[in-house]
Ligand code: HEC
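Just one chain is shown here, as structure tokens, and it is the form predicted alone.
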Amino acid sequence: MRNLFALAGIALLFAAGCNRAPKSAEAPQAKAFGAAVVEVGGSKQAAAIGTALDQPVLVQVNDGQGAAVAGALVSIRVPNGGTATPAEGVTGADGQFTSVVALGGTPGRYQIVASTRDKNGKSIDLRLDEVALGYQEIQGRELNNLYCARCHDPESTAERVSNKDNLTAKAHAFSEGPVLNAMNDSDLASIISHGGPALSRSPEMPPYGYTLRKTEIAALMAYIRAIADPPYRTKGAVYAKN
């Protein structure tokens, strides 16, 4: 009988241990406070909807003299269902905090907010702009990589050597809003289809009207409009302020 009671007691203890909720990870705590949060890298990227940006978002907390602050708490907020991993943490010895950001499922411009607090508890925010590409814009990016980037992108990669420095005329980057935003859709389609001479520009810009279908030219234009910096605004349209 004693053995039965002992076994029953062990069973109850075991059951109680199994029913205990697991300890949740403690939230990070600030050990120091800064006066500013600045970007080190990661803004002005474009990625397909619902996917992570190619480069992580990297920010730094500084004090009033511009020196890095270790141990400052930083949080990252992503709108429209996007995520940041980790979403918060403390800065390292270099005053920096890194997070992998995935954009949400809605195409368009995203403004990521990196925040810290000063010693008085006041929030200090830094806003970083990113672009989520929809289906048509993703297709346009693929066409850009295939036909355009060799001349319009100054950076060489392992897969592609840039030809930009070999051109007499300047080939504008597709994100170069001050130039490309000034072109209406008709002119942009014309220079892609018929080459530079169609708009009295350099013949080094070749025609792609026999290479690309109309839907592909439209996709390339959608990509150019999506990544423009500053953002492309259709003339005559009215935009609500955030």
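Every value quoted in this text rests on a predicted model; they were computed, and no experiment measured them. The numbering used is simple: start at 1 and walk along the sequence shown.
The next section is about a form of this same protein that is not shown, the form predicted in complex with the ligand.
- Contact with the ligand in the model of the complex, defined as a heavy atom within 4.5 Å, is made by all three of R150, A169 and Y208.
- Interface residue among A30, L212, A35, A47 relative to the ligand in the model of the complex, by the heavy atom within 4.5 Å criterion: L212.
- The partner is absent here, but in the model of the complex a heavy atom of V179, alone among A198, A70, V179, L58, sits within 4.5 Å of the ligand.
- The closest heavy atom approach of M183 to the ligand in the model of the complex falls within 4.5 Å.
- Shown alone here, L220 lies within 4.5 Å of the ligand in the model of the complex, counting heavy atoms only.
- Looking at N163, you'd find a heavy atom of it within 4.5 angstroms of the ligand in the model of the complex.
- Although the partner is absent here, L53 sits far enough away that none of its heavy atoms falls within 4.5 Å of the ligand in the model of the complex.
- Only one of 71-79, 141-149, 126-134, 89-97 places residue heavy atoms within 4.5 angstroms of the ligand in the model of the complex, namely 141-149.
- Using a 4.5 Å cut-off on any heavy atom, the residues of 184-206 that reach the ligand in the model of the complex are, in sequence order, L188, I191, I192, R201, S202, E204, M205, P206.
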